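In structure tokens, one chain follows: the form predicted alone.
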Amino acid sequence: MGTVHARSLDPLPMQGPELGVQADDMDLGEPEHEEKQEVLENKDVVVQHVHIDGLGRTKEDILTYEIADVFRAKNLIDVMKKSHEARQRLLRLGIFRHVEVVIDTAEGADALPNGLDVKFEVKELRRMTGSYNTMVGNNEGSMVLGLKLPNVFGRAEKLTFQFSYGTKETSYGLSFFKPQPGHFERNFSINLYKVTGQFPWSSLRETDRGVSTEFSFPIWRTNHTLKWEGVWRELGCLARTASIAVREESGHSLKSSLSHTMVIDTRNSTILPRKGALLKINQELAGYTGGDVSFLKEDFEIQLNKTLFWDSVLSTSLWGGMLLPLGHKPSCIADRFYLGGPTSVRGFSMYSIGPQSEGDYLGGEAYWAGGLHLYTPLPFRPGRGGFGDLFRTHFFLNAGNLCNLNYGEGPRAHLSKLAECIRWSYGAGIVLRLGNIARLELNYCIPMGVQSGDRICDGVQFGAGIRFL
């Protein structure tokens, strides 16, 4: 038997040009064909040896977990399938440039008649790699320069330095990532960073210098992240015309917080899903591990997507959150929620809903926002099967509210206040999906429920980002 390169899960060819034999040249009866099929697909085999060629600084013990399932294969098709899955797990480690699989008959004194050897031919990444790319955030863009040291200690660790220069934010940071052997989803990371951001809607400039540690792990169908963050924050005015309320927020503060995030995501795409659902719940507690900022913050995100007739998709989403200051200090402008703009309640300017002072928006301690969307193919389907499939027609209805609550009044009064002065909008436009990186929207918006102090965008509105209501 020759070598079989297991790069596909397609059934092995029984006849035709792939074997160098034409169907018309063969004179096989039906029983013989079935016997050959039985040999290839159902005959028991034993994987005796698994070799990994091309290792340099990688430790073999971490790879043992990733290839263990190959030894459990019972027939040739199963061997190919499990080898392909092991190849995907090896690539997921982020330490190999490429991985090839070769399956052959077993060799050596202990070789069995039905024994197989599986060989993984790998090529490790360089000790240091660099990258240059652009990123799209929530209605902002940035240029990113990165330097990575993959597989630092031989067990899929990664050390990364990244510098980002954007339209509203400049940052640089150093991070170390360490997965648990055999369970890549369980990983630990530590980050050192400095971020300087400008927030023109609040006439505010913020500089954060901090350190954070994260531990991520799955439980059943959910993914969890535990995080501790310590950050020294410096707030200042972005312009001389900043309001008194913003000037009073200026100065230094130290935040130390613990947070937990739970995510259930069954969507087929995070950018423009066609089916599936998302549930994300986040809790943050600040002040009990040090610092001079104390609060309890809860927020959630829900999204449902359903494919309808004529290749159209119906999507619904709901966001919400509350911030409860602890102690005698009021909440900080940097910790509050903000609402409005092309990525949330369309038809309003960026973060221009809710409490404000002299034209500067101060954020709120409670909010909700909901959206109903219908995505359809472009009329007459131009470019179908190619570039045209990246575009979708978009019809939407958005609503939401942002306010401050008096926590002594009780839940019923809170719900009543959140139901007052609801801003909403509707409209239509075009959506462009930029691969799995981001999406662009060009919508014609009609804002409704506008309150005094809100800043609207009546007409055409452009949005870019990765997270949309």
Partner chain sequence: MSLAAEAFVSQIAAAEPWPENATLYQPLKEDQILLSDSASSLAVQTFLRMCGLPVLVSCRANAEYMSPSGKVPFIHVGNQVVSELGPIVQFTKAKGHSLSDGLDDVQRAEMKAYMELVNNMLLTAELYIQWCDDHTATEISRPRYSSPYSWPLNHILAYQKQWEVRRKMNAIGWSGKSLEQVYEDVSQCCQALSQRLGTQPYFFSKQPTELDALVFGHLFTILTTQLTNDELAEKVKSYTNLLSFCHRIEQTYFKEHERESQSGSSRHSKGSLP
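Because the structure is a prediction, the values reported are computed rather than measured. Residue numbers count along the first chain shown, from 1.
One more form of this protein, predicted in complex with its partner chain, exists but is not displayed; see below.
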query: Partner contact for residue 143 in the predicted bound form: its partner chain, 4.5 angstroms, heavy atom; finding: no
query: Its partner chain contact at residue 114 in the predicted bound form, heavy atom, 4.5 Å; finding: no
query: Residue 360: touches its partner chain in the predicted bound form, heavy atom cutoff 4.5 angstroms; finding: no
query: 4.5 Å heavy atom contact, residue 312 and its partner chain in the predicted bound form; finding: no
query: Contact residue in the predicted bound form, chosen from 201, 172, 232, 395 - any heavy atom within 4.5 Å of its partner chain; finding: 232
query: Candidate from 377, 291, 197, 181 lying within 4.5 Å of its partner chain in the predicted bound form - any heavy atom; finding: 291
query: Region of this chain that lies against its partner chain in the predicted bound form, out of 238-246, 100-108, 343-351, 83-91 [heavy atom, 4.5 Å]; finding: 238-246
query: Sequence-ordered list of residues in 43-67 near its partner chain in the predicted bound form, where near means a heavy atom within 4.5 Å; finding: none
